[in-house]
Structure formats: structure tokens, C-alpha cells
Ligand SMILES: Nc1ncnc2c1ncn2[C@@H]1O[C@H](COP(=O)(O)OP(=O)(O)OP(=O)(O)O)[C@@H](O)[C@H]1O
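First, one chain by itself: the form predicted on its own, in C-alpha cells.
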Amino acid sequence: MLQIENLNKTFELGGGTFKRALVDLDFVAQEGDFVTIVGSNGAGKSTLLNMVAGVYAADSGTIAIDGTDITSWPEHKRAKFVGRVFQDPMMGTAGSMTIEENLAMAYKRGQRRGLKLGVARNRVKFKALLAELDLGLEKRLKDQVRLLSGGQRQALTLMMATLKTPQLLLLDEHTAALDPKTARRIIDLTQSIVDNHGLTVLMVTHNLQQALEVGNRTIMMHDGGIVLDLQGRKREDTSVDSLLEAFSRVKKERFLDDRALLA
């Protein structure tokens, strides 16, 4: 479904210094995979999602969805096929617009249709979908989104990202800014939406317990590459402690390799 081959991305930090964010990265996600992604800061997790979404151009390598090479596609062209939810609940919605206007904007993604027409034609549909969230938002269609709580806004963003069923859903630490109770609710909502639509998902998280409990596959990134890929029984038998041990082992091995190169 998603196939990434030999993907590289380097950022210039200034002063003649560079950061290799992704290094010869190969990755394949099958249709229906729900992949959780862990790793330390700077490992390349968010860069990977940004590359798939089209935010950054690849230095080299290819990205394909369902056999179609999208490596050179701009972000707006990929938006029809790729849904995304960010860590900051404010990023996925327009705060000065109403709930129904935000939904209409998401619904008309990739279409030439006026916003007002989209609201009028789909108001009943939007109301029914919001009712499924059980947050009372179906009674607030004309409220500006800026009036919502962080959890309500993130739930709305999640609905907007999947309103027109995407081929791929990207979740970039989408519960990190929420309190534990709200985060749990958003995760449950995420799982329900993913199951109902049979979505393929990449989800970045720093919560290792969440990484092992949600979805069907966990990968660990370090220094721009994938150093661990857990699936099936191997993933089921992996604990948070063993995941931490694996991460410490990888860092130590990389450190020793670097020392050997400098010797």
C-alpha cells in the first residue's frame, strides 16, 4: 500500500552544519496496517510523516501509494489521499470558522464546490456524524471552533481528516497535548474510526505503552532509520521494559560504531 525506497532527507542547520533526518530509509506498510512509530527526539519520526504528506521534498528515493509514485507530488495534491492529525489541536481546524464550515471544508477537499453549498447540502450528514462522537458537538454546528476544548477540537480534526476516507492516515503525536483521560478517549475514537473505514495508519507516539497496545505493528526509529520492526507474536511478547532495553542497546551499538569510524 505504502512503499518507501531508499528515502533520504538532509536539513541545513546553518553555519555549515547539516542534519541527516532520513538515511536510506526503506519501509512498506500493507493495506490495513496500523503502524505505531517510536524513537527519541530527532530520530526522524515526524520527518517521515512530513515526507509522506509532501511537506518536504525528498533528496533522493521514492514514495509510492498503491503503486503510484507520488515522490514529486506537491502537498495539496496528496491531501486528497492522505489525511493528517497533528499534535497541536489548533493546527487541524480553522478557529474563526464554525464547526459545520470546518467540516464542509474537509468534505470538499479536492472538489470545486463553494463552502456555503457544502454546508447546506451536508448539514444533516455532519450532524449525524458528530452525534457519534458523543461530545454534544452535533448541537453546536454554528459555534466557532475556537470555543471548543482541546479534546473536542482534536476529535473534530480526526473526523475532518477521515471524512473523505483517505488511503493513508498520518497521526503525529495527536494525543500528546491532551490530559490522560481525554487522550484515552481520542485513542478509542481513533481506533473506532480506523476499524470502521479499514484505514492504513502511521502514528507517531512517545507513549511506549500506547505504541504496543494500539494497532498491529510497531517500528522504532533512530538516526533517520528503522532499527526495530515488531509484528505478530513478537510484538505481543514485547513489554515496555524490553522496548526500552532494545532502544538503549541500539544507541550503544550506534555509539560504538561511530567511535570505530573515528578511530
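Quick caveat, the model's predicted, so the values are computed rather than measured. Numbers for residues come from their place in the sequence shown, where the first is 1.
A second form of this protein, the form predicted in complex with this ligand, is not displayed here; the remarks below concern that form.
Segments offered: 60-68, 207-215, 46-54, 26-34. Contacting this ligand in the model of the complex at heavy atom distances within 4.5 Å is 46-54.
Annotated contacts: 88, 139 and 141 are all free of this ligand in the model of the complex [non-hydrogen atom within 4.5 angstroms]. In the model of the complex, no heavy atom of residue 196 sits within 4.5 Å of this ligand. Under a 4.5 angstroms non-hydrogen atom cutoff, this ligand in the model of the complex lacks residue 244 among its neighbouring residues. Residue 173 belongs to the set of residues with a heavy atom inside 4.5 Å of this ligand in the model of the complex. The closest heavy atom approach of residue 40 to this ligand in the model of the complex falls within 4.5 Å.
Residues of 10-30 placing a heavy atom within 4.5 Å of this ligand in the model of the complex, in sequence order: 11, 13, 19, 21.
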